[in-house]
Every structure is written in structure tokens, then in C-alpha cells.
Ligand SMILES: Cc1ncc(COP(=O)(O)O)c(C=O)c1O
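First, one chain by itself in C-alpha cells, the form predicted on its own.
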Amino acid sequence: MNYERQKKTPLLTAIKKYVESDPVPFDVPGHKMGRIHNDLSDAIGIDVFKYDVNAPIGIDNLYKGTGVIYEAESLMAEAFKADKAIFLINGTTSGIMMMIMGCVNSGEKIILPRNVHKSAINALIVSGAIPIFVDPEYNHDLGIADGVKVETYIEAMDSNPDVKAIFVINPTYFGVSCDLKRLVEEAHKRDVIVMVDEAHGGHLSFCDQLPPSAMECNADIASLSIHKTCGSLTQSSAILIKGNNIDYTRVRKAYTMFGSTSPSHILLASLDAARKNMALHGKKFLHNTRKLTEYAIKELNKINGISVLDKSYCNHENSGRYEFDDTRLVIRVDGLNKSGFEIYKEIRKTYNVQLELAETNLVLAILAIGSTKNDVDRLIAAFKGLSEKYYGTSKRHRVPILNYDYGDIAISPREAYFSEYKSIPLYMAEGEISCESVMIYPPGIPILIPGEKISKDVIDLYKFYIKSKGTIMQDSEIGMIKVVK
């Protein structure tokens, strides 16, 4: 990596130069560089509005860049060990849809883990690609999905020799990676494209103590959330491409289909700035983050009723738990005789600590380059308080037995989505074919997808999440479901 080049921020610099020139704005947006004050400008300052420009001369075009945006994307590719990069301002959600639309035709097969994000399911609906689902390993004790075994992918590829691509999550929401390097090698032997959802792995390229990134493993294309762990603004992400297996022009074409013609230049500039920061200081940042994580794990594990996953969780070579990103604190809390959902709410209400998400027996806390020791100390103090309140109480938290046995795919997601439907109570829908997705947010992983038969296990999961007051996302009102008529 050329560190002198990485000191540049071509897009941010061009926007700053434009603002400092004090132009007379007869273009959009209508606030005219912050001349109209409102409650938001009073709260965050007028300078944000000044930098909220549209596409003036000299700022380049996001969808056909030849100037500062093109240069900024080239710097992003170099910093993240890719050949090409594409800036995204609608999150990795849009990146996943663009990857699938840009690589897989209608009727072509793609192998995906069943615990994919909803964006992958939406991409199947739009593209008409045919999914071949493979099961990740499930930890029923913790209530989470891990990675997919390499052997499981190999078996699916060999059973479907006409498959066009495989889709991999690296890492999962809970920090688990499969042996991605070996999987890429096996896929490329079979001329299969490897696309990677790296929403939670944007930082992996900058620390050799963490699982390797998709680009380091020679995957063909990946979408990663720079905002989640690398310091850009929320909703800013990137697509990375490596090698010659991807039709870059076609991916760009899909990009123009899903992107706004009025992209936020503030989000784009935040990508430029975050890339520079990670390129120059990422190793130091992540060294400090991992030191904080080590400290947090050590102290949290001293607390009665609390235990935290560490790298020993992923020492199984022939499994979907090959490596672990230990900047994520996966904290088991059922020893406090409370569910993860209850702890998630109480720790925010009582201690003003905002966690990432809750599951049946655990909560997730994410450390990143902006985390501080004071943050970690407050987290530790909060759990000490919760332990003093709940550990050893006579009321036991009942651990539900949840089976993640999803129904078979009866018809393609696209066919189901556009089918005539009827609405019925979900608890009466066993054996019916769903016309919609049902998911728990966060993280947005569907427990039911269009085209899938509704199983008793899925109904039981649904009932459990309603009882736990989880956030359920679906088209129908809660308790109802659209099924093929």
C-alpha cells in the first residue's frame, strides 16, 4: 500500500474547496447550503448543511466517475486489498442486492446459507436467481447460528454442478467465520464465483490477529459496512472486487438501478475520510480495540452469572466455527436468571448502556475504533449491578428449546412473492407456502422467506419472539401471514 497516496482525500478535499469558494447556489438541495435554519441545524450545526451539496462542477459523478470520486474509490480498493471499489450510500443492504443482481442471471443457481440477511432474499426476488440453501451450524444452547462448514458448501456445489455463485457471511453477526480461504479455493476449482457479505468485517483487513478479510482470501466480490466498524457515517458502505471473475461493468449497471441519482455527498466524503484513517492508523486502532476487548472479557468473566465467548469458541477446524472476531463481546446472561431480551432493555434503562442486540440467552456488545476504556468500565459496572440484583435469585430463567428447522423451498422466492395470496393467522399456517418474509430485527435474518413451506418450528419461533417482545418485521400485521392462494 502506498501510504503517501493514502494521505489524500480527493473527494472530501474537492467538496471542501467548493464550499470555501462561497458559490451562489441555484441548484438543489433547497436549504441552499444551510441558509434555512431549523431544529436539526440548531442541534448539529450549520456546517453539515453547507457540505450537503448535490453534484456541482468538479465533484464528479458517483455512477460514472472519472475524477475525484473515481480517485477516492481507487484509494479505497488499495487500502482494503482489492482491485476495484464502489462507494455505497444505502448500506451493505444495497451492496448485497447489487452483487447478486450483477453476477447471477434469472434461473441461475446460487448457494446461500439459510441465515442470510433479508437483502439477499430481496435480491433473489428481483433477480429471479434460484437459491440452494445450506444450513449453518446452530448453537442451540446459545440460540445463535454460526458459520457453514466448508464441506457443506462443497457438497452443495458438487450436487449442483451448474451453480453460478456461492454466498458467504464473513463474519456472522456474532463474530464467527468459516475457513474462507479454503472455501474460495474449492469454489474457484469449480469455476464458481464467491461473493461475501462482510457487513460486520470492514475492519478485518487491518489486523492480522483477526479472521482474514474476503479480499485477503481472494474472494471475487464483497460488500462491507465501513460505517459499522471503520468510522464512516451510518449507511455508508463499499463493494470490493478482486480478480477477473466479475463483470465489473454489469455490477456497475446494477449499481445504477438501485442507487439514488441524488446521493449524499456527506456520506461519500465520510467514506473518503474513514478510508484514509484506517489506511494510516487502522493497525494501531485495532490493536487498542483488541486490548480493550481482552480487558473487558477478563473483567466480565469475573462477574457471577456472566460469561463471554472468546477465541476458544472457534477452535474446530472441521466446522463452521473456524475463526472468531474477538472485538465483539458475545455475553451470555442466562446465569442471571434473565433472558437476553430482558437484560438488553434493563441495562439501557438503568445504566444508560446501549447494546447492539439481544438473543435468547445472550446480548451482543460491539467494540470498534471509537470505543474507550471508560465505555468498557461502564459496561462492566452495569453488569456488576445486574449480577448483584439477579444472580442466585430463586426465580430461574427458563431456557426455551428452539429448533431452527426451516421448511423446504417449494417455489422460488420470486414466484412466491408475485403469487396470488390469502391472509391467514400464522399459527394456522403449517404446511402453507409463504408469500412474504418474516424476520427479527436486529439483525434482519428471516425466520421465514417467500416460497418456503411454513413449519411447526417456525411457528414456535414466531410465538417465542412475540412473547419476548422482539421487533418483528413482516408485510402483514403481527399474527397474520400471506400464503400462496
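In this text, residue numbers run from 1 along the sequence as written. Everything numeric here is computed off the predicted structure, so don't read it as measured data.
Below, we turn to the form predicted together with this ligand, even though it does not appear here.
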Exercise. Go through 283-291, 191-199, 345-353, 214-222 and give me the stretch that gets within 4.5 Å of this ligand in the model of the complex, heavy atoms only.
Key: 191-199
Quiz item: Tell me, which of S232, S177, T327, T92 has a heavy atom within 4.5 angstroms of this ligand in the model of the complex?
Solution: T92
Self-check item: Interface residue in the model of the complex among I96, C314, L336, A82, criterion: non-hydrogen atom within 4.5 angstroms of this ligand
Solution: I96
Quiz item: Can S237 be called a contact residue for this ligand in the model of the complex at 4.5 Å between heavy atoms?
Solution: yes
Exercise. Find out whether any non-hydrogen atom of Y173 is located within 4.5 angstroms of this ligand in the model of the complex, and reply yes or no.
Key: yes
Self-check item: Interface membership of H117, this ligand in the model of the complex, 4.5 Å heavy atom rule
Solution: yes
Exercise. Classify K228 as contacting or not contacting this ligand in the model of the complex by the rule of any non-hydrogen atom within 4.5 angstroms, answering yes or no.
Key: yes
Exercise. For the heavy atom contacts within 4.5 Å of this ligand in the model of the complex, list the residues of 414-430 involved, in sequence order.
Key: none
